[in-house]
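Just the one chain here, the form predicted alone, laid out as structure tokens.
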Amino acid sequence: MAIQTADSVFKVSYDARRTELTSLGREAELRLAMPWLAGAFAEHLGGPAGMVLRRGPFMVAEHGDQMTGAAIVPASDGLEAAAEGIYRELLATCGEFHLHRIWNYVPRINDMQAGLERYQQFNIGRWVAFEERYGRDLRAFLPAASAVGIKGDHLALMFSAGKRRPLFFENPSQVPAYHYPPDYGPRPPGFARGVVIEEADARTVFLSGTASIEGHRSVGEGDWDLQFRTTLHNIETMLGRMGVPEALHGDAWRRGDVLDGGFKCYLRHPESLCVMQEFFFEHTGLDESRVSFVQADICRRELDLEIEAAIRAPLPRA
């Protein structure tokens, strides 16, 4: 879910026959081969800017102290090289900008290839690129992120970066993803559970893709209710730590305690939509316009649900 701004530069839309990245001078659109189920059909990221520029494989726009960009690359032969290459390009493109949030759309994410799950291949390539850039300190630069499945043979990536260094947050009831044991692949997933960017008049909170995981183990295989409750508990914990616990309560949005943003739910099984909508709205009271649902494979084949958030909130009162 992206911050909704009427004059944003980048648009993300769903239900495309194939994943495409297009530019019309002052705007760019990432069309995803990902079925839309409910909620907002299109989302926006970034602020007003001049022209959208091509930098290598990326379309990029700078707007003040923010940078937004996206790229798609072929990834049918293996994800390790594709991920390493696109992340190396990303880190070079950002330069002195700090990565805040990355959305990864990974083709055939749960398939086995050359003895590894393709998500594990992706994690190797991502890790190698960060390690090449930052060395042993790479964990101090890992942004909030998600990685979900997409149709087709192209890896798509979208990012938000800025000149302000974000505050990084982890969930005390979960092992940081970058410390996962080797059971999850030769290199761990490279992301923070969440980040906060403090600005002059507000703050932006990015919650990474969050699923039914305790410690480092999946919880509730085949049980949608348990997966939802575990995921929601993790979200409550993270939003509390990041200073926006009210974001999960519809009344706070209506009072203006939350300024903008929303949640996105990735569902492995489209037939779970009605159940997940009922769970979500009953437990939060959020308006339906603040939650979107799309169909996507989750990075762990035993899990059926992942939820992320992007929230803009007032600064805490002194």
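None of the values given here were measured: they were computed from a predicted structure. Numbering starts at 1 and follows the sequence shown.
What comes next is about the form predicted in complex with 3-(2-carboxyethyl)benzoic acid (3EB), which is not displayed.
Among Cys299, Ala296, Val9, Ala309, which has at least one heavy atom within 4.5 Å of 3-(2-carboxyethyl)benzoic acid (3EB) in the predicted complex?
Checked against the cut-off, the match is Cys299.
Which of Leu99, Met158, Ala211, Val196 has a heavy atom within 4.5 Å of 3-(2-carboxyethyl)benzoic acid (3EB) in the predicted complex?
After the contact test, the surviving option is Ala211.
Contact check for Asn123, Ala145 and Phe191 against 3-(2-carboxyethyl)benzoic acid (3EB) in the predicted complex, heavy atom at 4.5 Å:
Answer is yes for this spot.
Indicate whether 3-(2-carboxyethyl)benzoic acid (3EB) has at least one heavy atom within 4.5 Å of a heavy atom of Asn104 in the predicted complex.
Residue-level check for Asn104: yes, a contact with 3-(2-carboxyethyl)benzoic acid (3EB).
Using a 4.5 angstroms cut-off on non-hydrogen atoms, would Phe228 count as touching 3-(2-carboxyethyl)benzoic acid (3EB) in the predicted complex?
So Phe228 does not count as contacting 3-(2-carboxyethyl)benzoic acid (3EB).
May I ask you to state whether Trp224 is within 4.5 Å of 3-(2-carboxyethyl)benzoic acid (3EB) in the predicted complex, using heavy atom distances?
No, Trp224 is distant from the partner.
Hey, in the predicted complex, is Tyr180 touching 3-(2-carboxyethyl)benzoic acid (3EB), heavy atoms inside 4.5 Å?
Close contact exists here: in the predicted complex, Tyr180 approaches 3-(2-carboxyethyl)benzoic acid (3EB) to within 4.5 Å, heavy atoms only.
Can you pick the stretch from 238-246, 211-219, 150-158, 89-97 whose heavy atoms fall within 4.5 Å of 3-(2-carboxyethyl)benzoic acid (3EB) in the predicted complex?
Selected range: 211-219.
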